[in-house]
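First, one chain by itself in structure tokens, the form predicted on its own.
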Amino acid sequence: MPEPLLLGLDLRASYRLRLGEVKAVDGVDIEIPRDSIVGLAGESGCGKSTLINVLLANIRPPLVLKSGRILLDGLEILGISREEVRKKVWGVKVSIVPQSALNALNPTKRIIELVKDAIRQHTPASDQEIISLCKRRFEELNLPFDSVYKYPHELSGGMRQRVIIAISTLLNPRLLVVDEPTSALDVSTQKQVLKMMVDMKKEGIIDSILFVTHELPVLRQVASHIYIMYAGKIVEYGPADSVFFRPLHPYTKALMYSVMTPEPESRARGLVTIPGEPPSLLMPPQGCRFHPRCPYVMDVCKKSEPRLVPLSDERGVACFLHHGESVN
């Protein structure tokens, strides 16, 4: 088996607050193969954005790393200083496209000034070299180059998002992490953004993508593998088609049933809401964290926490309903 581009093992991170410790990432293992698009899905508040910060080694108070290892393109990034991470990792090995394109851009600076600031953290390039690099990348992505001389508020929401993706990949990072990149966009603009990212991977500008979202239909269009996250833990993972068409964890099923898909059975069933709300990560419930909302809850679910058990080479689930089962 080839070495994965990113491997995270036993990741645990908490927010230390006056009220106590919020266990936002609690024992997560995650693997992103080379040449892949991996999806990470779950409701708001399940720990997705915190996991991103951990995977990027972007750990600042009140977030505290409790344990874990991260190997990114052969480099163990949790053991180096923040300054080394800034120079050797961010923008070079991994880049992020954050949730809000407008908030990610300084409204008082033109795009080209932001580009210069980003590039010069890694290399002492001249203005002309940066402009040439930027022009080439914008042309590759079918973006009008004159947009780099504009302020963020002069661009549409979709254009801002595409510009951020272009800036994030100027130094050809191996991994692109995108956090809810389509949540504020209309359907046609979503398609443009998705196509842009897939094309970048096909052209070798980036190697792999970690696509973080709560919009499962979006993941269905692009992801090869999917991790489902709930209350700080991974509860299911597997190839995208298997997770979509044969969900194993009750939470995964609930997520699938809460969105409409093109299949006739989905239209016949209609939308099904998930009862209750995600638990507080300050005081998560004993046992399985989904058991207060689960229609299949058993006594053991209330007392013991299910392990994330591999059912085959590619599938795994943390649910007592499936422990002891195998999947071919």
Partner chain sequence: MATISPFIIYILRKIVFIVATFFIFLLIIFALPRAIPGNPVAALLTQIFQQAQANPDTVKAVYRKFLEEFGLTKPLHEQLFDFLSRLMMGDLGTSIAFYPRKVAELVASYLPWTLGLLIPAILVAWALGNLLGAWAAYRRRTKVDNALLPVFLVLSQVPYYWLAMILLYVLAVTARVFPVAGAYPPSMSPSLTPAFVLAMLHHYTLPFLSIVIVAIGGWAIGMRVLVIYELRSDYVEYSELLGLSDKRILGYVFRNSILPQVTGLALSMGTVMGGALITELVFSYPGTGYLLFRALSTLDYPLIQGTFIILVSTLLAANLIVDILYAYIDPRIRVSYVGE
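Numbering follows the first chain given and starts at 1. Given the structure is predicted, the values throughout are model-derived calculations rather than measurements.
We do not show the form predicted together with its partner chain, though everything after this point is about it.
Peer 1: So, a 4.5 angstroms cut-off on heavy atom distances: do all three of Leu105, Thr108 and Leu114 pass it with respect to its partner chain in the predicted bound form?
Peer 2: Every residue of the spot touches its partner chain in the predicted bound form.
Peer 1: Quick one: which of 136-144, 204-212, 157-165, 70-78 gets within 4.5 Å of its partner chain in the predicted bound form, going by heavy atoms?
Peer 2: Single hit among the candidates: 157-165.
Peer 1: Only one of Met200, Met229, Val148, Ile96 has a non-hydrogen atom within 4.5 angstroms of its partner chain in the predicted bound form; which is it?
Peer 2: Partner contact (heavy atom, 4.5 Å) among the options: Ile96.
Peer 1: Just to confirm, Ile131 within 4.5 Å of its partner chain in the predicted bound form by heavy atoms?
Peer 2: Result no; Ile131 lies far from its partner chain in the predicted bound form.
Peer 1: Is Ser126 close to its partner chain in the predicted bound form, meaning a heavy atom pair under 4.5 Å apart or at it?
Peer 2: Flag for Ser126 set to no.
Peer 1: Examine Arg60 and determine whether its closest non-hydrogen atom to its partner chain in the predicted bound form is within 4.5 angstroms.
Peer 2: Yes, Arg60 sits close enough to its partner chain in the predicted bound form that at least one of its heavy atoms falls within 4.5 Å.
Peer 1: I'd like to check something about Pro247: if you look in the predicted bound form, is any of its heavy atoms closer than or equal to 4.5 Å to a heavy atom of its partner chain?
Peer 2: Outside the cut-off, so no.
Peer 1: For the stretch 22-59, return the residues whose heavy atoms include at least one within 4.5 Å of its partner chain in the predicted bound form, in the order they occur.
Peer 2: In sequence order, Asn53, Leu56, Asn58 come within 4.5 Å of the partner.
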